[in-house]
Ligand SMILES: NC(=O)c1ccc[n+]([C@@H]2O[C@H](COP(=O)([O-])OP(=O)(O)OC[C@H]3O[C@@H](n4cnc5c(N)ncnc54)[C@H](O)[C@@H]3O)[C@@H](O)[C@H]2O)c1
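Starting off, we have a lone chain in the form predicted alone, written out as structure tokens.
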Amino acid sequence: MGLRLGFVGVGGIAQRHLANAALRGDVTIVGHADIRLERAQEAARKYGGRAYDGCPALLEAEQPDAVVICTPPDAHGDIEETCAGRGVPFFVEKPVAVSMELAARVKRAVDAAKLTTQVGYMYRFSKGVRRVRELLRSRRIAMVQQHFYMPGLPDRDWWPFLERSGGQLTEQSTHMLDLGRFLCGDVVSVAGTTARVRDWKPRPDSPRTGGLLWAADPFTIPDTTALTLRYASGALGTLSCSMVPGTAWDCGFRIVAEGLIVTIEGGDVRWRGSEEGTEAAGENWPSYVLYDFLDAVLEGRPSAVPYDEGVRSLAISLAGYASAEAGGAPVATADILRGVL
């Protein structure tokens, strides 16, 4: 039968992970838990296993070897602690939390259980990104430019609320911030500012395109954010993100290093300077982060992106918000992480 796998939260991104897990001959999906039981039942019909209305019931009935957690950010905490209490390894989608207090609580449970965990930072597993990491090892990095632009608001009832989603900086742009850490080292301080440049109140003619909304009420998150980052290496970085409607999806990443400029688009990479080249992300590359976790559990080895890594990347977003609240003064990530790592 191989690895017995359970899913907690089967909407949105879980559909990708379910489809990829189902491709594995050494994995059996044994259960699906969701607060909307009908959604869990649909997943069970499609992928096998049984449906449950919560994580504890799934764990008790199915005794899975591992769990994939794909809940909204504000639903993290109890689920991870329940898994840790039973010694069940888990994969969790980013962000790991919307507050450092919650992340610290889960980390204590994970550490106490000596648990195998993985955070869903898929860009780290692109073949192109890994090639660039090797190219950069012997080069001094000067600048890291990152941006994440969305042409609207995701159609999720929790997304417009800062206390539930963490806003775009925490829920989406965390991918760029984590990629910067992976390629260029830790960020030591963040200076940031946020804005709401658009009136998001619904109007009769408010359109919706491609699953994205152009209106929401109430709406408590910034729609535009800019950060300046200082890396431990001495490199500087920027992140800009916005969700002002009517634009287009545009997520980009560029590194200026000695003798090399690197551009990352999706998981594909190209570089030029003292040498030139390209490297594609790889076939079905978004599956690699889940597969590394499954292999780690099967082989009894550490995963590549344990829970601690998710906590460190979360700290950059939280430092950005803290800086914005302080009028743009730099905030040290060590202050955000104090007492946690």
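Start at 1 with the first residue shown and count on from there. Because the structure is predicted, anything quoted here is derived from the model rather than measured.
Omitted from view is the form predicted in complex with this ligand, to which the following refers.
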query: Cys70, heavy atom within 4.5 angstroms of this ligand in the model of the complex; finding: yes
query: Exercise: Asp178 in contact with this ligand in the model of the complex, heavy atom 4.5 Å; finding: no
query: Residue contact check: Ala33 to this ligand in the model of the complex, 4.5 Å heavy atom; finding: yes
query: Val10: touches this ligand in the model of the complex, heavy atom cutoff 4.5 angstroms; finding: yes
query: Contact segment among 212 to 220, 127 to 135, 155 to 163, 182 to 190, judged by heavy atoms lying within 4.5 Å of this ligand in the model of the complex; finding: 155 to 163
query: Of Gly237, Gly120, Gly167, Gly267, the one that lies within 4.5 Å of this ligand in the model of the complex (heavy atoms); finding: Gly120
query: This ligand: the contacting residue among Leu102, Ala75, Met150, Leu115 in the model of the complex [heavy atom, 4.5 Å]; finding: Ala75
query: Every residue of Arg24, Lys46 and Pro89 near this ligand in the model of the complex, heavy atom within 4.5 Å; finding: no
query: Partner contacts in the model of the complex for 77 to 104 (non-hydrogen atom within 4.5 angstroms of this ligand); finding: Ile79, Glu93, Lys94, Pro95
